[in-house]
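Just the one chain here, laid out as structure tokens, in the form predicted alone.
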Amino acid sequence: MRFELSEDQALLRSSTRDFCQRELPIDKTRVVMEQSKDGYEPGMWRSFADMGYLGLLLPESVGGQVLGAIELAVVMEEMGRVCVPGPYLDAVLAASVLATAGGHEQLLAEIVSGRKLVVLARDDSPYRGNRAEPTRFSDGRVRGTKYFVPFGARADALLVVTSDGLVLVDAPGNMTALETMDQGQRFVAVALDHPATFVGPLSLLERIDQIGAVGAAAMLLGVMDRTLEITLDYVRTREAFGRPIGAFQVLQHRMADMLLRAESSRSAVYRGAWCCDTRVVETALACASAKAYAGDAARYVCGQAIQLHGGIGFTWELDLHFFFKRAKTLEQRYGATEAQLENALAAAGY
């Protein structure tokens, strides 16, 4: 079994890292978060299109790259290292569903070029655990309320999950912005009573949910990697009692524990991505395990990093809080940790 990336995958990682460092430095992220009311920067989205990222999973017939979950994980990991704002993963997943359903070539071509943004709208309840009336599709109209729609204020269309299947609806104007701790991930609530086009059955989501879990876990991996780098630089230079605090064994043990969790997440993420691409029987278990483990590990790594920085750890001036907030947000998205643990148990036959 080969554990390293192929030559093409390694090149994708290198080019994506260069792109993110050049076009998406954390200082630019700060500006987008502070000055954009919806956390979205059109120039950044156009650059994603120019790099081919928006068509990563799509066929060549619509301008796509025809790549797989491993390549998506590579890109998401690098985007996690810069805490990129925007609905990248949401857009890629929605486009993949439309491609699988078929019959949306013109829209997909516009998505790949960056001219159109389509995102998934799937949460019926305003809070986890609360029950609400499911969104329905009948007589050519979709009715109901969707919560936590990512970047709905910027979307041209929504791919809405209803109890009757998936439908496509032009983004309506009656949206309510929802508060979020991560200003690089914006959500709205959408009240729907609009004409819609049927896309396909709910079974279309099974594979895309698995790829989404791996993609989110890969971004969490990038968050952990960069958090570890920042923290290592700090403990090597911050002095106490006449020597760097990184020289104290108790802090070395904490850093080692953080590294171990990040590296274990790496194994889980790329195992899940490989399973998605090869479609082996263990795919559901591998993807659920990757997201559950990475979500828990990222929360721990980012929390420890803030503690190791002491009182300045969560100040606005330091970049660490961006990574902590992204970890907390992603922990709940694409299958929260608790839900993915249940998925893993079910996939394992327990």
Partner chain sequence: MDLQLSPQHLAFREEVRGWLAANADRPWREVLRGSTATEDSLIEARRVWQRKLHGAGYLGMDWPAEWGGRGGGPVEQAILETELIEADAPPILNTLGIGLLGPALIHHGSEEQRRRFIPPMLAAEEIWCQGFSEPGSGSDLASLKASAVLDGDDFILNGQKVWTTFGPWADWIFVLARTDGKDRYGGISFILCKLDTPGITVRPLRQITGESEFGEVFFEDARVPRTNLVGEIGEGWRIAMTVLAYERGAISFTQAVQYGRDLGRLATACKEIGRTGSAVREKLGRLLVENEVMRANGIRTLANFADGKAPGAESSIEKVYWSEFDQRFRETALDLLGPGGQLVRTSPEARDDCDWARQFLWSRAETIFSGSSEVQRNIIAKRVLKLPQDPR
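Keep in mind that this is a model prediction, so the values were computed, not measured. Residue numbers count along the first chain shown, from 1.
This protein has a second form, the form predicted together with its partner chain, left out of what is shown; the following refers to that one.
Contact check for G43: every heavy atom lies farther than 4.5 Å from its partner chain in the predicted bound form. Within 4.5 Å of some heavy atom of its partner chain in the predicted bound form lies at least one heavy atom of E317. Its partner chain in the predicted bound form comes within 4.5 Å of no heavy atom belonging to D38. Put simply, Q21 is far from its partner chain in the predicted bound form: not one heavy atom of it is within 4.5 Å. For a residue to qualify, one of its non-hydrogen atoms must sit within 4.5 Å of its partner chain in the predicted bound form; none of P25, G103 and A191 qualifies. Here the chain stands alone, but in the predicted bound form its contact with its partner chain, taken as any heavy atom within 4.5 Å, falls in 175 to 183 among 211 to 219, 175 to 183, 193 to 201, 134 to 142. Put simply, of K116, R207, R122, R271 only one has a heavy atom within 4.5 Å of its partner chain in the predicted bound form, and it is R271.
In sequence order, I306, Q307, G310, G311, I312, F314, T315, W316, E317, H321, F324, K325, K328, T329, E331, Q332, T337 are the residues of 305 to 337 having a heavy atom within 4.5 Å of its partner chain in the predicted bound form; the partner itself is omitted from this view.
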